[in-house]
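One chain comes next, on its own, written as structure tokens: the form predicted alone.
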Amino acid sequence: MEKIRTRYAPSPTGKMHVGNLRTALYEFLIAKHAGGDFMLRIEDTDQERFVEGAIDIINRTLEQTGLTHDEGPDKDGGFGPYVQSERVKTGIYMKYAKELIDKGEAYYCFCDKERLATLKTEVVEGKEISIYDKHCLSLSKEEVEANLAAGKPYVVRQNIPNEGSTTFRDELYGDITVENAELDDMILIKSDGFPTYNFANVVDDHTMNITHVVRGNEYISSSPKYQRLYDAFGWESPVYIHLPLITDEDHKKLSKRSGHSSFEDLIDQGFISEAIVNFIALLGWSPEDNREIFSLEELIKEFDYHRISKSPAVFDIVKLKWMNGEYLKAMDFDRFYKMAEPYLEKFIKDGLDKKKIAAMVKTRIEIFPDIEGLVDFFNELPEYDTEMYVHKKMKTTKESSLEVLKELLPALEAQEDYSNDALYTMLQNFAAEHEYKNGYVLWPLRTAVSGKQMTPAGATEICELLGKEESLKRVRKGIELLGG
């Protein structure tokens, strides 16, 4: 069997969309599962859409996600250049376009903008496109050569017959047949000498020995044109795998407005790359069992592209947050602290033990920004509703809480050792002496020192971090708020 070779071929037009990252991931997994090669190729033929710095974003994203390429602009495997604008300079695209012209499978088109504006238009997938009428196909060889000699601007168009049909095979959708009458004579070489995305794709995939092509199913409508190019050249077409659409929770196409459509958006929102990769792997693919947590190495071992679904995949942000939380729980503490520290620095004043606070929140957050809501009370006691002192399970009321805090205050004032263990022992003894259950005492104390319904730790751990002076100040404030 030939070696499997896949390529991720992004256009450098900005942030990496979740759909593009999924394509890269699936291409990577298909290659690595079979011991093949994964290539990075930059498709910058659309110079108008080129965004400065976008190639850096692509490289950085692949590095952060662990999708290491075997070949690319920085790793020549003998098939370079790996940037299409550099490949243009080699003349490769014009060479193959002329081969098609010689075969009658393509032709020079000299129509100007004014003439093109008079052509019939059709609405295809929401876009209005003009249908070319093959006007220049009828030009004689002498007319073509005269136009070229005069330097008249031109494009090269694919010559698609009006009769018959074209069939291509997709691994998920099977054989798909399209009537040739529905296909337009698409441009292969633009007037600036650059190839179009579609033509460059076919030439590069063939000359780089690409065996499997993964792309979104929005490209299914273009695939018959690709197939006709392969047939025209007499080349074997690659294995096509068209991926399902990714939608938001409302089953609409995932857009930039969702706020989480790109890898960079998700990183900025406090997600970690491993969780993002794991989550995106499951957007359209499922393993044989119901398992959901996979390392990249485990995905390589398990990934079978035949298990990709044809149904749209829903980007469920709630599930991603859950998954991210699972990764944070399992994360090495030193790495967790390093990533959590910027958030702790923002909300924790100097003098408090940030490492202890990090340890408290590690298993309680799903994304790093969750830290704020759990630790902001350490800096300053928030205003809070005294209804929080009421807890049916603990059998506490506002009245009982006031009584407990007033009785507890002298004991807290007398306590010198404010370590967690010492405080807990003192409170246990206090509860036993007053014939209270532990929770009956700890609930009002935790409420008083935190002012929060939910905290990352218990009352004594909070008091240890706050210290004696601040803890007493907050208990006295609680007594005051309760009317004592």
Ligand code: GLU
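In case it trips you up, residue 1 is the first one in the sequence shown, and so on. Everything quoted here is computed from the prediction, not taken from an experiment.
From this point on, the text means the form predicted in complex with the named molecule, which you will not see here.
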item: Within 4.5 Å of the named molecule in the predicted bound form, all of H17, H260 and F271 (non-hydrogen atom); value: no
item: Partner proximity in the predicted bound form: H212 to the named molecule, non-hydrogen atom cutoff 4.5 Å; value: no
item: Any non-hydrogen atom of A9 within 4.5 angstroms of the named molecule in the predicted bound form; value: yes
item: Close approach of Y173 to the named molecule in the predicted bound form, 4.5 Å, heavy atom; value: no
item: Partner proximity in the predicted bound form: Y197 to the named molecule, non-hydrogen atom cutoff 4.5 Å; value: yes
item: Residue (of Y384, Y219, F79, F233) lying close to the named molecule in the predicted bound form, criterion heavy atoms within 4.5 Å; value: Y219
item: Residues within 4.5 Å of the named molecule in the predicted bound form, restricted to 24 to 62 and counted by heavy atom; value: E43
